[in-house]
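In structure tokens, the next block holds one chain alone, the form predicted on its own.
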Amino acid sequence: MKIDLYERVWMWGVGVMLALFFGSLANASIRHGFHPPSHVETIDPKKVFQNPLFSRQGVTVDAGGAVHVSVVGMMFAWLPGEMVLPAETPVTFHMTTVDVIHGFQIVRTNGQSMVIPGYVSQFTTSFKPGDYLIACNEYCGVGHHTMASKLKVVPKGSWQQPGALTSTAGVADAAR
């Protein structure tokens, strides 16, 4: 079988690139222990509000001083509807949903995650002071466009640690 010179060059080039790609993946995984993030926490979507992590949505501070935010997505609201966080502080978001797949996105930041029924999504990020919109970026039904929440980030010195901040403003907005 005659293969043109250029075809052979492309085939060898692709073969070399694939070998480098899979070799670097194997090296990162085996030698350095890098693995992609995965869903390791599961939750019964029917019992979300009975789970200690999500029974009170909002901002909490653990014994070590780390800031955590528990968020529940539901058609067509994020709970809580409003949050206040400190600037320049790592904040860990824990999210789940009780109904369908939602996309949690903090607009103008790198904070974004899929929120899937039965799983707890988590990411950690920090913010600069300002007001941010939290939107659903995954179509979830006819009221999808109303699914939003507010995030206010204040300078660390003026932030007050809440016990747990809860608000149903998102539910009220979705009901309009």
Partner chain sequence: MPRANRLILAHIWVAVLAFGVAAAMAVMQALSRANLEVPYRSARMYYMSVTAHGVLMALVFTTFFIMALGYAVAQRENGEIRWLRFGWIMYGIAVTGTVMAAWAILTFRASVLYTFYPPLQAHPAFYIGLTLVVVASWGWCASIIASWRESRRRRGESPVSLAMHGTTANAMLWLLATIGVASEMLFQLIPWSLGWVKTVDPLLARTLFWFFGHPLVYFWLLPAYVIWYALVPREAGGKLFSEPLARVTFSLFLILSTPVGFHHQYQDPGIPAAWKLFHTFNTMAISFPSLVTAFTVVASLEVAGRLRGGKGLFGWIRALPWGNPVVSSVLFAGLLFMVGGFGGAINAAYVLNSVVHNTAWIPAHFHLTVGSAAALTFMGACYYLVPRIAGRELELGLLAKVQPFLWFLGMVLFSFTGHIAGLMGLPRRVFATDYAGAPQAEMWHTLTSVSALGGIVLFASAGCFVVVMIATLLTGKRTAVVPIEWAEPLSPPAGGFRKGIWDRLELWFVVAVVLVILAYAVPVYDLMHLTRYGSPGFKPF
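Numbering follows the first chain given and starts at 1. Definition used throughout: the rigid core is the maximal C-alpha set that superposes within 1.5 Å between two forms. Quick caveat, the model's predicted, so the values are computed rather than measured.
As for the form predicted in complex with the partner chain, it is not shown, yet the points below apply to it.
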| property | result |
| --- | --- |
| Distance check, residue 62 to the partner chain in the predicted bound form, heavy atom within 4.5 Å | no |
| Contact of residue 69 with the partner chain in the predicted bound form (heavy atom, 4.5 Å) | no |
| Residue contact check: residue 127 to the partner chain in the predicted bound form, 4.5 Å heavy atom | no |
| Residue 89, heavy atom within 4.5 angstroms of the partner chain in the predicted bound form | no |
| Residues from 113-131 in contact with the partner chain (non-hydrogen atom within 4.5 Å) in the predicted bound form | 113, 114, 116, 117, 118, 119, 120, 121, 131 |
| Large Cα move at residue 155 between the shown form and the other one, threshold 2 Å, rigid core | no |
